[in-house]
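A single chain comes next, written as structure tokens; it is the form predicted on its own.
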Amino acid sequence: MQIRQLERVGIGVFPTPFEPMPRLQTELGGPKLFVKRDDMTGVALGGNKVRQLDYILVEARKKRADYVITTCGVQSNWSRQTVALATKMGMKAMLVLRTAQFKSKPSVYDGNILLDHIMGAKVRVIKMRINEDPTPILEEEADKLRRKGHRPLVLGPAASVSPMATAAYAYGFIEMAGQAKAMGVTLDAVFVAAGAGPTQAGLILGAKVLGMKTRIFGINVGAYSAERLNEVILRSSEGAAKMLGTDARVKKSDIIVNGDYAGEDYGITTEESNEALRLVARTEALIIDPVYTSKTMAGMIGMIRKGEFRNDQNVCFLHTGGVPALFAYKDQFQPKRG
């Protein structure tokens, strides 16, 4: 394996833990189960975006930016982690947050948006779905800052699906495979949330670089169509492969996106996702989130219960973080009265 080492900011705690899940395995009676703890990347409650932003924000350092402007939903993990790394780098953050799955702007800050505010981010909430493009508003805010003498870096919707974000998770897969090998484990499958696509793209590319046949199962969480996810994965992995200087390439036949667990819409929980969230909490004390990882876990559990894996196979769940959003969904997890 020879791939180029890209420059990184150096913020975040890596490698993240790779752990067995024996009690969940016993509960399900299926394959050997593991979890890759990218919820423990070490900055502002962690998450997979720290791994990606560690490379993406090199541009901010090179351009001597003093502000980072970005966007996502009001309960965005990407936005929280962008604010966190910007803060650690001595920059300020401006967020343009879409209401996304919520019908109105929040009257009370909770979950991720509360943490954004506590870390000092300037927050503007707009009524817009997660799959709509707020780029003109980002540029409007950037122009305001430039007129005041600031040097903002704009991370629009394309930043989170960039080849750089994908390259970060090619490295992430290599890290995970090395940890598994040290435990005498060869990974047969990895489950990951298919939100926008680059994390799954990076995992597939990383497996290709290592010449491994690990299947990467993306569980669609309902933000985008399978067609769009396929297009993003192919495009971003191609760019990442060129960045890394590898001949490995992701083909359409390598992409697995399962849409059976997305539910009604992005950010809308399902009976299966809520059951999965409770089950892993009560077997492994593993806390997952209601938007991404619970639907992913529901997909993994559902496929195991359907007999999709042999008992001698090794299956890993990539915990991409997002736990702060759980507190914005607290009404769904209250004890029954009476």
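Note that residue numbering follows the sequence shown and begins at 1. This is a predicted model, so every value here is computed, not measured.
The form predicted together with a small molecule exists for this protein as well; it is not shown, and the discussion that follows is about that form.
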Is there a non-hydrogen atom of Thr71 within 4.5 angstroms of a non-hydrogen atom of the small molecule in the predicted bound form?
no
Considering only heavy atoms, tell me if Gly12 and the small molecule come within 4.5 Å of each other in the predicted bound form.
no
Can you tell me whether Ser273 touches the small molecule? I mean in the predicted bound form, with a 4.5 angstroms heavy atom cut-off.
no
Is Pro198 one of the residues lying within 4.5 Å of the small molecule in the predicted bound form, judged by heavy atom distances?
yes
From the list Val83, Ile216, Leu205, Ala194, which entry has a heavy atom within 4.5 Å of the small molecule in the predicted bound form?
Ala194
So which stretch, 24-32, 278-286, 48-56, 304-312, is the one near the small molecule in the predicted bound form (non-hydrogen atoms, 4.5 Å)?
48-56
